[in-house]
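Only one chain is shown below, in structure tokens, and it's the form predicted on its own.
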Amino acid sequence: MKNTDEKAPLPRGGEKYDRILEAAIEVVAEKGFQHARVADIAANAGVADGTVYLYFDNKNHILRAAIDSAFEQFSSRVRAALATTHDPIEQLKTIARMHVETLVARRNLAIILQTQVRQSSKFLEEFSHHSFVDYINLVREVIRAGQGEGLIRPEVSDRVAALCLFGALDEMISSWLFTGKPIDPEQTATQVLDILLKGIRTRPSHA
């Protein structure tokens, strides 16, 4: 049961805070959000239940912070990688590859994003106004840059294109989780971008 004192949660950050976030991802991926308890998260993190409540109000707060933290780290790594090239097409490939790499490396996070988040419309709504929007906006920036350089058709909606990229990669991760078949981040990113940029129709041959 949550402590009854009215102290505000401690500021985010620190070794214990990070352990709690990682523990939350592991526990929720294993047990599901409904069955995971704060006590389970605390035990996994190696801290007392009361310590968890020094940082977080409840289980929902913990998981939301864990997902936001994961996406902030992802965004930071991606932006650093994008700074190494000014080619918008290469930047899109980088985003796609790192999207797949990150979730393959963090399977528990992938499970939560593909299953747990989607089971709660309230949680999905809260999540979509934070990390998801930041991700989509980053892709939109790159697409607009590509349009400015004449590499992407100017009439294409940058929002729709960004959602298409995210959706395709999202489904590739779902397939990997549900089928257990290996997935190669580089190959997957290349194929998804090839289809997104060129389409699937054959080009007419000219005599």
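A quick note: this is a predicted structure, and the numbers were derived from the prediction, not measured. One rule holds for the numbers: they count along the sequence shown, beginning at 1.
Beyond what is shown, the protein has a form predicted together with the DNA; the following relates to that form.
Asker: With the partner left out here, check for me: in the predicted bound form, does some heavy atom of residue 51 sit within 4.5 Å of the DNA?
Answerer: Answer yes; at least one heavy atom of residue 51 falls within 4.5 Å of the DNA in the predicted bound form.
Asker: Against the DNA in the predicted bound form, would residue 55 count as a contact residue? Criterion: heavy atoms within 4.5 Å.
Answerer: Residue 55: contacts the DNA in the predicted bound form.
Asker: Could you tell me if residue 140 has a non-hydrogen atom within 4.5 Å of the DNA in the predicted bound form?
Answerer: Residue 140: no contact with the DNA in the predicted bound form.
Asker: In the predicted bound form, does residue 151 have a heavy atom within 4.5 Å of the DNA?
Answerer: Output for residue 151 is no: heavy atoms all beyond 4.5 Å of the DNA.
Asker: Name the stretch, out of 140-148, 22-30, 166-174, 40-48, where some heavy atom lies within 4.5 Å of the DNA in the predicted bound form.
Answerer: This holds for exactly one stretch, 40-48.
Asker: Counting heavy atoms only and using a 4.5 Å cut-off, do 97, 136 and 159 all touch the DNA in the predicted bound form?
Answerer: No, none of 97, 136 and 159 comes within 4.5 Å of the DNA in the predicted bound form.
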